[in-house]
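Given next, in C-alpha cells, is a single chain: the form predicted alone.
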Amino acid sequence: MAGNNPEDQKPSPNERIKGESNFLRGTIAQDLKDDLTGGFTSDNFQLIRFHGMYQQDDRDIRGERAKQKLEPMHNVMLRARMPGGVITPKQWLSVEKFAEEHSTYGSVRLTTRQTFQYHGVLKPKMKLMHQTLASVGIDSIATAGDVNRNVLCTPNPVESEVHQQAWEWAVKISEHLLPKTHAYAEIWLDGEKVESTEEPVLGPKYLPRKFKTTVVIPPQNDIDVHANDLNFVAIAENGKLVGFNVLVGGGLAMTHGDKNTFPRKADDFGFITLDKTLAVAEAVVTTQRDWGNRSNRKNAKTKYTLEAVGVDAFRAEVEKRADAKFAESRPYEFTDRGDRIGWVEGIDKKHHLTLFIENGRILDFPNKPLKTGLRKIAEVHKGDFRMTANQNLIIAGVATEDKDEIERLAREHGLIEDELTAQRQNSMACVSLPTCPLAMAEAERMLPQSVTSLEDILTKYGLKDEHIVYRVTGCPNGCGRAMLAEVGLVGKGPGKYNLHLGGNRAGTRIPRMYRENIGEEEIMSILDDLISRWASERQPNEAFGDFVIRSEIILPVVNSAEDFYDEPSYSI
C-alpha cells in the first residue's frame, strides 16, 4: 500500500542522508577531528541527531561574532535516553559534575521528554560527554532524529507496584525499538567496529520522521498522550497491570501558514494484553515506517499517515503485523496532568517529594542554589530520582527516618517554596532562545514574569488559589505542548505570539487560535477580560478552558484535522 507517500514524488533530502549514512555513521568521526570549525559539516549536521544531539549556537552573541568575522559559537545540546525518567543518585552526581565542569551554561535542563539535556557542549568535549554518561549506564541513542525517541512513563509515586510494572514496560519498549547499528559505540565510546547489515524494525532509511511513545497510568495524564505517536494506557486490576489501551496518531507540531499541518489527537485502537505489547509497538512503528510520507517532511508524522490512509486501515495493518486483535478499550479516565508537588506517601509506605523546578532549569540562582541542593540530596539519598514530563523532579523512595533530612536540604537550597502558587505549578515553557535554532520568540526566559502577570490577574478577581494550564512555546514545533493547554502561546516572531484558548485540564482537547501575532501586553489584557468573566460567570468548579467553550468565547476543536483552522468566534 502506498499510504501517504505517492511513488511519483521525489524523496526528501533527509532520505538520501539516511540511506547513504552507513547506518548512521556518516563521516562524524572525521568531523570530530576537524578543529577548524566548531560545527559539523554537510550530512553530519543531521546525523548527529540520531546520536541524541542537536547542533546549536548562542543566538544572543551571533551578531557580534559575525561582526568579528567569526563563525557562530557552535555547540551541541544533548538529550539523554532515560525511559520513564528514572535516574539514580550516583548517575545524577555524574551528570551534574559534567555540566558544572564542561558545559558552557553549567546547567542541567529537565525537559518535557522526561529526561535531562545538556546545553552548550563544545566539540572537544563531546566524546568525553558520551563516555562520562556511559560510565554510569546512560546513553543518548535515538533521543532525536527519525526514530522512536525517549519513552515516557507516568512517574506515579503512589501506586508503586503498578508504576514499577509500567516503567519496566517503558524500558522494554525503548530497548525493542532502538536502532541496532553499532555506530554510537564506535564513534563516541571507541567501541569495536561491527559492520551493520540491517535494521529489522526501523529499516535502512529509518523512520520518515520522529516518533514518540509513552506509557501512562490513569487518572494522571502527566505525559500528555495526545502529543505522541504511540501511547500505552495502563489498565490495572487488583493492583496488577493486566494490559494496555493503545492510542495512536497524536501530535502537536504544525507550520505557521501551512494549513496542511495541524495538531491532532490520538485515536484509540483498543485493548491488548501484556504479552502483545512489544509486537503491537513494533507493528505500529513498521506500519508508519512503510506507509509514512518520505517526500514531504512536514507531513511525515504518524498523524498525517492516519489522515491519509484512514484509522481503520492503519489499525487493521497493525493487527496483521502484530498477529493480534484489539479488544474493546477498557474504561479509564484522565482527571489531571499536573505533578503532585510536595510530599506524598506511597502504598509501600515510602515517601516521595516532588520538587517544582521552574522551566526545568537546574542551576544555582541567587538565593536559590538548586544545583548545589540536589547534589547534596543525591549524596545521601537511598532511593531514586524521577524526572517528570512537566520538567519537575521527584525524590522518590524516601524512608520515614530519612524524610526530615531530605526536607531540610531541600528547604535550605530553595527547592521547596511555601508560597508557590497553583498557577506557577501549572505553567510551562520550552527552552527557545537563545539556543534553539527554531525559536521565533522567547519562551523559557519570558515565562516567570508572564506567570507573575497571570497570578496578579487571578488575585485581582478573587481567584488566587485557582489555576489555568498555561504553556508557551517559541515556535509551532510543539516542545512545550502549548497545543494541549487551556491558554497556549505559540511564538510567531520577536515578542509576538498566537494566542490559543479552549484546551482542558485533562489534556484531551486541543485549543483553537483566538488572536494572531500579538504581544505580551495585549495577551494579558485579553486574559484580564476573560478571567473577569470567568470569575463572575463560571459554574461551580468550572475550569477556565471549559468556561470559554461553554460561553462560546471560542469554538471547540472537535476534529483537529478538519476544523482546527475554521474561523473562531469572538464574543468580547
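One rule holds for the numbers: they count along the sequence shown, beginning at 1. What you see is a predicted model; the values in this text were computed from it and never measured.
The same protein also exists as the form predicted together with a small molecule; that form is not shown, yet it is the one meant from here on.
The three marked residues, Arg49, Arg109 and Val431, each reach the small molecule in the predicted bound form, with a heavy atom inside 4.5 Å. Interface residue among Lys210, His467, Lys125, Lys205 relative to the small molecule in the predicted bound form, by the heavy atom within 4.5 Å criterion: Lys210. Only one of the listed residues (Thr354, Ser140, Ser174, Gln117) places a non-hydrogen atom within 4.5 angstroms of the small molecule in the predicted bound form, and that residue is Gln117. Within this chain, Ile362 is remote from the site of the small molecule in the predicted bound form, having no heavy atom within 4.5 Å. In the predicted bound form, no heavy atom of Asn44 sits within 4.5 Å of the small molecule. For Phe547, no non-hydrogen atom is located within 4.5 Å of the small molecule in the predicted bound form, even though that partner is not displayed. Put simply, Thr508 is far from the small molecule in the predicted bound form: not one heavy atom of it is within 4.5 Å. Judged by heavy atoms within 4.5 Å of the small molecule in the predicted bound form, the contact stretch among the candidates 307 to 315, 174 to 182, 375 to 383, 475 to 483 is 475 to 483.
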